[in-house]
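For reference, the chain that follows is the form predicted alone, supplied as C-alpha cells.
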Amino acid sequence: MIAARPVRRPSGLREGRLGPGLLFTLVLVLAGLPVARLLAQALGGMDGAMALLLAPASLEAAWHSIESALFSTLLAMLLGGGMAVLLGLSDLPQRRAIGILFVLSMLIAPQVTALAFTVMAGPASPLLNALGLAPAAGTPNPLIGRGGVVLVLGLHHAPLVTILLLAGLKTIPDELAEAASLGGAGTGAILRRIVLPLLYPQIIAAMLLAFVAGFGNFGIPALLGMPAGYLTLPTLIFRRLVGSGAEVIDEAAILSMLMAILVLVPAGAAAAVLASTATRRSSERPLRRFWRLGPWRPAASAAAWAVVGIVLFLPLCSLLASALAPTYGARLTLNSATLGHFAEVLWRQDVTVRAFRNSFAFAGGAALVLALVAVPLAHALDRAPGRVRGFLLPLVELPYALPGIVLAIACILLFVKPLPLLGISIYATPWIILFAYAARFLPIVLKAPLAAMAQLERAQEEAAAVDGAGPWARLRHVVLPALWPAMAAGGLLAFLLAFNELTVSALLWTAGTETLGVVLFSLEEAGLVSEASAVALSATAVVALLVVVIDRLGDRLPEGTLPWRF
C-alpha cells in the first residue's frame, strides 16, 4: 500500500518565505522609501516651515490650487454626472460609442489637452482662422489664466466622474426600481427616491477624487496658468526648483508635504467610502436602463455627441490644424497645408527624436519590469495574511495618489547622494526616471492581476500541491496561465500613461533624457506651437493604437479593469 503524500497547502508567507519577502521588500523600496525620505527632509527643515507656509506666494499658490480644484470639480460633476445618467440609465442611442469616446478623452495627457485648447482659442488659432472665427489680432487668449485652468481641468476630469458613477449604478439592485415602477412611480420619482440616495457614496467619492486630480495636476496649470502668473502649488514648486536648483530643496520638501497632506486626506476618504459601499451592497441583477427618452432621444443624443466633440474631437482638430499650418497663425487651406512639422519632429530634430526614443525606453522599461513582477506579487499579496495585505496595498497606491511633482522631489531627495554601500548615485541619470515611473505605475500594473487572482480558485493550486508541485511550479503552471492577460493589460496600461507623462519627468530629466512631455512643454514655451502640436498628435496616435491593442484583451480581463468598458 502506498502511503498518501502529505498535502502542502499554499498558505502565503508560511510556505516559501523568501519569495514573498523579496517581493514585499520591492514594494517597500518603490513605494515606501521615497515618501519616508521626503517626510524626513520636511521634518528636518521645520524651523522655517511656518514662515514658508505663511509667505504670500505660498498662500496665494495654495489658494489657487484649492479654488481651481473646487470649481473644476463642480464642472466635472455636472458634465460627468449628466453623462453617467444618460449612459447608465437611459436608452440613449449610440450609447456605447459615446461612452468609449468620452472616457478615452481622459487618456490624452493633460498637457496635450491644455496645448490643444490654448492653440484653439487664441487669435492665431489655425482652426478658427480657417473657419473665419478667430478673435482680432492682439486679443488676449481667453483660456490663459484662472478661467482656462478651471475649464480645462473640469473637462479633463469629467470622464473620471462618469466612470465612478457608472460603477456605482451597477451596485443598485434592479428589484428596487422595478418595485417602484410597479407601484406607479415615474422616472423622476425613481431617480429622486431610489437612485440618488443609494448613489450618494459614489457621488461623494467622485467629488473627492476629482478634487484630488485637479489639486495635483501640473500640466494644465503649467500651460494655461503660468503664462498669466496664476501659480498653483505644483507650478510654484516647479518654478522655484528650476530657478534656484537644489538650494531650495528644503522649501520644496515642505511644500510637497503640504500638498501630500491636502491630497491624501480626501483620497483616503474617497477610498474608505468606496470600500464601505463595496461590502455593503451586492446585487445579482444590476440596475437596468429604465429611463425612456421618447421624443427627447434626438436632442439627448445631440447633446451627448456635443460633449464628446468638446472634450475629444475639438482638441484633436485644433492640434491637427496647428500641425498642418505652414506657420502658427497662418491661414490654413488645402493648398497651404503641410506635413513638414511632422517630418521635423519625427525625423529631423535631434531633441524630439531623442524624446520619442526616451519615452519609449522609460515607459517600456518600467512597464516590462512591473509586468514581470506583477503576477508573483499579486499572488503573494492575495495569499498574504490580512494584516500584511492591509499594510502593503495602501502603500502600493501611495506614489500614484501623490501628485507627480511630490514624487519627483521625493526621488531627488532619495538619490541626490550616492547609494549606501554601493557608493554610486543614479541622480541625473536615466535610472532615476525609470525608478520614479516604476514606483508611480506599480498600482496600475497590479490592479488587473490582483482582480484576476481573487477569482482564481485555490483548489487548483491545492491539487497541484498534492501532485508534488512546489511554489514556483504552481506559479508557472497554474497561476501564470490564468493571469497573463491581466499582466499584459496592466503593463500596456502603465506604458500608455507613462509614455506621455510630464509631471514626474519635468523635474528629473537632464540633457539627453528628455521625455515627450518635457519636449512638448519646452516647444510650447519657446513659441514653436506647430512643432509642439505635431509632437502631441504623434504621441496621441501611439496612445490610441495602444488602446485598441489593450481593448482586444478586454474579454479575458476581470470586469472593471478597462475604464472604457462599462
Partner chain sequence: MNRPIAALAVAGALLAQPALAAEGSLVLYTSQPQTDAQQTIDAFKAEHPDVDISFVRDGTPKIMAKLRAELEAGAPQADLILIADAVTMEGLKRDDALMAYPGADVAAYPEGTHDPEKYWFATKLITTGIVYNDAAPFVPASWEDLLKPEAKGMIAMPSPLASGAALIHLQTLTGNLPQGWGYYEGLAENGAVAEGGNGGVLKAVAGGEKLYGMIVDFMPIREKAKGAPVTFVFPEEGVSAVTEPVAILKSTDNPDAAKAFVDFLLSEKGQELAAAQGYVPADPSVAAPEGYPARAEIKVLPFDPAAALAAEEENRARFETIFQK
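Positions refer to the first chain, counted from 1. On a predicted model such as this, the values are computed, not experimentally measured, just so you know.
Beyond the structure shown, there is the form predicted together with the partner chain, which is absent from this document and is the topic of what follows.
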May I ask whether 139, 354 and 428 all come within 4.5 angstroms of the partner chain in the model of the complex, judged by heavy atoms? yes
Name the residue from 99, 216, 376, 122 that puts a heavy atom within 4.5 Å of the partner chain in the model of the complex. 122
In the model of the complex, which of the listed residues (460, 187, 90, 349) lies with a heavy atom within 4.5 Å of the partner chain? 349
Does residue 239 make contact with the partner chain in the model of the complex, using a 4.5 Å heavy atom cut-off? yes
Contact flag, residue 328 vs the partner chain in the model of the complex, heavy atom cut 4.5 Å: yes
Quick one: is residue 538 in contact with the partner chain in the model of the complex, heavy atoms, 4.5 Å cut-off? no
Given that the partner chain is not shown alongside this chain, does residue 499 nevertheless sit within 4.5 Å of it in the model of the complex, heavy atom to heavy atom? no
Would you mind picking out the stretch of 340-348, 145-153, 179-187, 386-394 that comes within 4.5 angstroms of the partner chain in the model of the complex, counting non-hydrogen atoms? 340-348
Across 223-244, which residues bring a heavy atom to within 4.5 Å of the partner chain in the model of the complex? 226, 227, 228, 229, 239, 242, 243, 244
